[in-house]
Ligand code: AMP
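Taking the form predicted on its own, here's one chain by itself in structure tokens.
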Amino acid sequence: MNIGIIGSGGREHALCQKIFESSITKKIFCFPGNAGTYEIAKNIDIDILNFKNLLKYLKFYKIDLVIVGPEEPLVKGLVDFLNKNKIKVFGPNRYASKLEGSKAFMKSLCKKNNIPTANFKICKNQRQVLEFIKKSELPLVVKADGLAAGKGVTICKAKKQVIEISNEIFKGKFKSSNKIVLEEFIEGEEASYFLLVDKDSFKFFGSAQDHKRVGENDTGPNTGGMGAYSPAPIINQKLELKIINRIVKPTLKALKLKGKPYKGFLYVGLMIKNNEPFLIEYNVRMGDPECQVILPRLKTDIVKIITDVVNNKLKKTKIVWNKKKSMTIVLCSKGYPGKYKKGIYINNYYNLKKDENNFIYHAGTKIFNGKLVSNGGRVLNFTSMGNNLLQVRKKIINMIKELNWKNGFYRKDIGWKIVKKK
């Protein structure tokens, strides 16, 4: 089977690696891919949002199955476009992708279906913002309605900040947003819960906890993710039943009733307070860097799983997991999530030892003049598996030190809340 992967990050390299290990796979094509996928697949450097051009390449390379990694092509309707053109594709349709593409859509769905989430107001102007501030306690969370590459959410501790951030969004800071969601802040512990979904059923596909803030002890601005570990110990059997019955089932039922059933990966972003789950966000794809800690633990052939989802045969699929724990630490370019330089050589990478328990997933990298260079804010994901997360973390940090990339930085405390308890 010839498989096409859309995307260029650490998530896509992790998917590519698992697909490469499958006996069903013949050839892999990555659009556009990175320096990591370059080692095991054919990279094709095209604009993934130019659907007509993408279709030409898919037909030319006789691709049997397309797997969409990032959210933007999903929200813009790539799955609908490929289905219309008789190309098998894994991912949700345009309507279902609004779960991530529009915060207002997601929150309205929660309200209509009694799904537990923070109290909120959808605001189209400053008058509505001021009305909600009067009735609410601080801190408040300001969310841009549309996609904002992980930069559209701000926790505000002062009214003045709420007004300033709202104004910026109303004035067009994010092209995708002309309205905002104001949300009451819930104090608790975050967790990521993943599912595979087809037209008729869904199955658990791993849990993780990630670290969004750039600084140690979860300080500083939000990023796309500085590291993660899996599984998430906070999610026990009792809590899982609440997540499924109160959040997942009502959501999938609501989409089905609209005649737009969900299909693909579903990321349920949760805040856990007093062992009660609240829905913070939905993502309509695997998380990044959560994907990089979940997939190494997967024992079942991923191509078989994905094919079963596409053919609505997920109900009979058995998914087996490695019992080891895994962690990833993201090596970033200095300056991230602000300004940073690209095109810096990464010299020692090919000397590092990688094996079945130790992986390096590429994110912001490319090959330039035959050499490995940085090409983004999050550059490499160092992932390791073991029985003890403290030992796993030490192993990863030693690998990063061995790489000795002078233009990079990373958090040394990934998993600090749980590792500290051991």
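Given the structure is predicted, the values throughout are model-derived calculations rather than measurements. The first residue of the shown sequence is 1; numbering continues from there.
There is another form of this protein, the form predicted in complex with the ligand, and it is not shown here; the text below is about that form.
Colleague: Which residue, I319, I344, I186, I234, has a heavy atom that falls within 4.5 Å of the ligand in the predicted bound form?
Modeller: Of I319, I344, I186, I234, the residue with a heavy atom within 4.5 Å of the ligand in the predicted bound form is I186.
Colleague: Can you work out which of L266, I305, L99, I280 has a heavy atom no more than 4.5 Å from the ligand in the predicted bound form?
Modeller: Looking at L266, I305, L99, I280 one by one, just I280 meets the 4.5 Å heavy-atom criterion.
Colleague: Tell me, yes or no, whether K325 is in contact with the ligand in the predicted bound form, where a contact means a heavy atom of each within 4.5 Å.
Modeller: K325: no contact with the ligand in the predicted bound form.
Colleague: I'd like to check something about I155: if you look in the predicted bound form, is any of its heavy atoms closer than or equal to 4.5 Å to a heavy atom of the ligand?
Modeller: Although the ligand is absent here, I155 would touch it in the predicted bound form, with heavy atoms inside 4.5 Å.
Colleague: Please run the contact check for E190 against the ligand in the predicted bound form: heavy atoms, 4.5 angstroms, yes or no?
Modeller: Yes, E190 sits close enough to the ligand in the predicted bound form that at least one of its heavy atoms falls within 4.5 Å.
Colleague: Examine K242 and determine whether its closest non-hydrogen atom to the ligand in the predicted bound form is within 4.5 angstroms.
Modeller: Taking the distances in the predicted bound form, the answer for K242 is no, it never comes within 4.5 Å of the ligand.
Colleague: Exactly one stretch in 136-144, 293-301, 163-171, 77-85 has heavy atoms within 4.5 Å of the ligand in the predicted bound form; which is it?
Modeller: One stretch meets the cut-off, namely 136-144.
Colleague: So which residues in 98-121, when you check the ligand in the predicted bound form, have a heavy atom no farther than 4.5 Å from it?
Modeller: Result: K103, A118.
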